[in-house]
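Below you will find one chain, with nothing else, as structure tokens; this is the form predicted on its own, and questions on how it binds or moves follow later.
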Amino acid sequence: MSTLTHRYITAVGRAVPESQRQDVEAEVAAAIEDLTQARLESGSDPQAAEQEVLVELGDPMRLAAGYANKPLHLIGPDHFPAYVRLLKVLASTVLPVVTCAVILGQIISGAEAGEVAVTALATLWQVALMMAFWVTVVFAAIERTPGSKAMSPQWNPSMLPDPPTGGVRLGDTLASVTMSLIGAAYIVWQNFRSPFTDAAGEPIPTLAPELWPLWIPLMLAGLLASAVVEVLRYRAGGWSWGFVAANAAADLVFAVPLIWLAATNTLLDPRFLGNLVDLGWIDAGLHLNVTIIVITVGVLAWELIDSARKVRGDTAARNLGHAGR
């Protein structure tokens, strides 16, 4: 036996349980000898024949895995679909809840806006990593459990997903445009009309008047841009990735200033909050700012997820319409 063949057999033997080692090494040695002899009979050079046989048998670790019946992957095809589905479910449920809870806790504790954002992003990253790690560990353990293949559900046609549905609806478009216009109209209206008045009988706006030179026009621009995107999306026949990006940009133009101002307690007019305190709402400023931030973050996240989710269906509906012409 040459040194090269001996090294190969030893490498295979090291990768199998000790109880199987002697039998596996003998079987591999016999296979190498038979394959080499066949090549020698066909006229191959002894050294070349040995090289060809070892290349044909492949990596000794892979060969040993076949003898020991051990997978060389973390998660195999039997459990991979369930693994991916579980990760998607956890990412769409646990991560948003944890993020909102962290943001709410930071705001209640009086943290600055920058600290809130950094803590929320750090927590989101850590939770995502830990979630992916432990789900992978569990499925890797299941993969190596005897009889685990019987645990995976048998596929049948009833498990097929529904075909993508899509197509823009006039009612949805009108509702979105109306909400954006109502929001813009209220921002303007509240500066001149209010159920709250000062000692002179003048109306007290909800939003701080100091926001008008920059922040309020910026938020108005975001709302009006959202309405324009909705109209253009309707005319185009539904969502596309371009409209998703445009809608996200318009939403961020409105939402980022709103969240920042609420987090820094500069969004609401102090006189408006003072009236609420006089009426018995002691923590009006804190409660209203937290509510505004949580609702805005939730709506923003939903808008981004929902628009991205509808791209496939709307694209399919548009393609179907073009094909039918």
Partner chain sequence: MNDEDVLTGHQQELRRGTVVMAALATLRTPGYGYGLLSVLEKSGMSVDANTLYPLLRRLEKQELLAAEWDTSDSRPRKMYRTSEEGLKLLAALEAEWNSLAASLSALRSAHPHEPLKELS
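Residue numbers count along the first chain shown, from 1. Remember, predicted model here, so these are calculated numbers, not experimental data. Whichever C-alpha set is largest while still superposing within 1.5 Å between the two forms counts as the rigid core.
Separately, the form predicted together with its partner chain exists; it is not shown, and the next lines address it.
- Among residues of the shown chain, residue 23 is one whose heavy atoms approach its partner chain to within 4.5 Å in the model of the complex.
- Residue 37 belongs to the set of residues with a heavy atom inside 4.5 Å of its partner chain in the model of the complex.
- With a 4.5 Å cutoff on heavy atoms, residue 270 does not count as touching its partner chain in the model of the complex; it lies far away.
- The shortest heavy atom separation between residue 27 and its partner chain in the model of the complex is within 4.5 Å.
- None of 255 to 263, 273 to 281, 293 to 301, 57 to 65 except one has non-hydrogen atoms within 4.5 angstroms of its partner chain in the model of the complex; the exception is 57 to 65.
- Once both forms are overlaid on the rigid core, the distance between the two CA positions of residue 263 between this form and the one not shown is under 2 angstroms.
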